[in-house]
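As structure tokens, one chain now follows by itself in the form predicted alone.
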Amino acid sequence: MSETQIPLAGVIGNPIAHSRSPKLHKHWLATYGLKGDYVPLHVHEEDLETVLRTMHKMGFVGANVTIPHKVAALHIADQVSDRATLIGAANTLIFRKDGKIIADNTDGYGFIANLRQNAPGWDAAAGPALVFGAGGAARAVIVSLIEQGTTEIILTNRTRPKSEALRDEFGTRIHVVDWVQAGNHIDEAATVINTTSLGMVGQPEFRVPLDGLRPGTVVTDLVYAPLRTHLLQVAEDAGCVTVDGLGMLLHQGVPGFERWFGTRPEVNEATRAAVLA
């Protein structure tokens, strides 16, 4: 990139108009007075590789990748980080000047950083974690929990074989339970995590019995529209420590922004306000 060329980054998805990532990165660019821009890019699956291979020629230094391209981007990349390999998906790409594409996954980093910021006393080793869902987000959460020292993960999904596949992949720390029985395991958990889309605007409600929630249990929902999901409202009423899903979105953006624009941004109240505006 020439000295006069403005560094560009963006978020690639299909659909993409709903993404809050442009607000996040534009806020950081403005806050730190940096040259650059960050744009939403609607890309169809069949065009993904052509687009990614061309972006460095247009001044793009990197991109975030979201649904449905996270797995495909991993396979297109020339270099893949260990954590992206473990998770089996990429959400952050770096475009080198020679055209090489480096893939990373910062979802697990964002998940842990969100917990550490908003539930400061949280300890991964304090007891079992109960994880709802077995999709891509659950993979990122499971990998990060294991890295942080969680000794038992109780995993449940509406289709049990997906949970069992993750247990087979990640080992004996994972204990699979049927979805209809999951409510009976809530009182065992030190951390409860919803990685499904249940409770999101336009999606079915999260209808698991929650009467096993105990004061002090850390409960987090990766859904951030609405910010206060049914799960978090019930957990708050039960005296739990609740952490909404917006912080994970904010924190997962930090490593990419630093790589692309050379400044490590801070996640604070101004960041949240900018993204929610």
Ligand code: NAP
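In this text, all values refer to a predicted model and were calculated from it rather than measured experimentally. In this text, residue numbers run from 1 along the sequence as written.
There is another form of the same protein, the form predicted together with the ligand; it is not shown, and what comes next is about it.
- Proximity of 122, 150 and 216 to the ligand in the predicted bound form is absent: no residue of the three has a non-hydrogen atom within 4.5 angstroms.
- In summary, among the residues 116, 167, 158, 83, the only one with a non-hydrogen atom within 4.5 Å of the ligand in the predicted bound form is 158.
- Interface residue among 144, 191, 196, 92, judged by heavy atoms within 4.5 Å of the ligand in the predicted bound form: 196.
- In the predicted bound form, residue 61 stays away from the ligand, with no heavy atom inside 4.5 Å.
- Looking at residue 52, you'd find every heavy atom of it more than 4.5 angstroms from the ligand in the predicted bound form.
- When the ligand is considered in the predicted bound form, residue 129 lies well away from it, no heavy atom lying within 4.5 Å.
- A residue is said to contact a partner when one of its heavy atoms sits within 4.5 Å of a partner heavy atom; residue 30 fails this definition for the ligand in the predicted bound form, lying far away.
- Residues with any non-hydrogen atom within 4.5 angstroms of the ligand in the predicted bound form fall in just one of 159-167, 93-101, 183-191, 73-81: 159-167.
- With contact defined as any non-hydrogen atom lying within 4.5 angstroms of the ligand in the predicted bound form, 107 is the only contacting residue in 88-117.
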